[in-house]
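First, one chain by itself in structure tokens, the form predicted alone.
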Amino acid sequence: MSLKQPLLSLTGVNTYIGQSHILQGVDLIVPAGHVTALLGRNGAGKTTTLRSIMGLWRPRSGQIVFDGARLDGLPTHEIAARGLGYVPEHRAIFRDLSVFENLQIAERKRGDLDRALPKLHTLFPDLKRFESRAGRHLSGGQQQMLAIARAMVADNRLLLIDEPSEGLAPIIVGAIVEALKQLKGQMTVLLVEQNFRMAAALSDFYCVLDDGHTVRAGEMAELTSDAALTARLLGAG
């Protein structure tokens, strides 16, 4: 898939939080049917980019285009209704609701969960085993699986996933990587991830932010094959 055929694109996006100018002209292209990793050091603006796409923090200028239509300026519920699912940092599941109830309230229209449930149970078998368990009694990995599954209940075309490996044991990270690999080609994903090994294993393309600016973008194979470039951009070995 060419980078010239994006499902989502950001052009010159500037976002402020209070008086702080966080995103300073961010450009980003997310090709349809692929996983794109949004990379950068802590504080580079990655989470702000996802929240700007979803309208949670409204850009002051620039364009956000999804499937040929502008998103910038729209309220969050209208953006979500166009087919974007958001998995925020720290999971944000409903801890007092059961696994099934967490999934049920994610329906956008009647029948969404019935359609999605077989796939979700295949990707995340624990969600079937513990469907009556309250969110607070799930492990961290199970909560992350539930957060991702919840974003897949509605018929979304794009998933925005923020730091899915955060705080998880390596064996759990591996399970989530394998589940997300099964989605490749079926769904477009924009992934924010500090774990470069995980990002590299999943992603076809990358974009690096630094201090609110886009500094480089391209095919992930370019980055993984050049240790010096990776170290320069991310400080990774």
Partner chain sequence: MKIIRENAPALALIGAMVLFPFAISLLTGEPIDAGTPKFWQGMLAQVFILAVYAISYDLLMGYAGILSFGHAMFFGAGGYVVGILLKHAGWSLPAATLAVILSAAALSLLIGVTALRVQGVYLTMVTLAFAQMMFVISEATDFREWTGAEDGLQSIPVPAWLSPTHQRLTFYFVSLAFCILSYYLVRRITQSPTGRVLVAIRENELRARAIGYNTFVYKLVAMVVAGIMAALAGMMNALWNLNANPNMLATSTTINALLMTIIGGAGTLSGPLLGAAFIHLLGYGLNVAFGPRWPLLFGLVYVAIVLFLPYGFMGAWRSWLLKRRLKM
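Positions refer to the first chain, counted from 1. Fair warning: this is a prediction, and the values are worked out from it, not measured in the lab.
Not on display, but discussed next: the form predicted together with the partner chain.
*Asks:* Please state whether all three residues Arg95, Gln104 and Glu107 have a non-hydrogen atom within 4.5 angstroms of the partner chain in the predicted complex.
*Replies:* Yes, because Arg95, Gln104 and Glu107 each have a heavy atom that approaches the partner chain to within 4.5 Å in the predicted complex.
*Asks:* Give a yes or no for His34: in the predicted complex, does one of its heavy atoms lie within 4.5 Å of a heavy atom belonging to the partner chain?
*Replies:* Residue-level check for His34: no, no contact with the partner chain.
*Asks:* When the contact criterion is heavy atoms within 4.5 Å, does Arg129 count as touching the partner chain in the predicted complex?
*Replies:* Outside the cut-off, so no.
*Asks:* According to a 4.5 angstroms non-hydrogen atom cut-off, is Ala80 in contact with the partner chain in the predicted complex?
*Replies:* Although the partner chain is absent here, Ala80 would touch it in the predicted complex, with heavy atoms inside 4.5 Å.
*Asks:* Does the partner chain get within 4.5 angstroms of any non-hydrogen atom of Leu56 in the predicted complex?
*Replies:* Yes - in the predicted complex, heavy atoms of Leu56 and the partner chain come within 4.5 Å of each other.
*Asks:* Just one of 138 to 146, 107 to 115, 163 to 171, 120 to 128 has heavy atoms within 4.5 Å of the partner chain in the predicted complex; which?
*Replies:* It is the stretch 107 to 115.
*Asks:* Do any residues of 25 to 40 have a non-hydrogen atom within 4.5 angstroms of the partner chain in the predicted complex? If so, which ones, in sequence order?
*Replies:* Nothing in the stretch sits within 4.5 Å of the partner.
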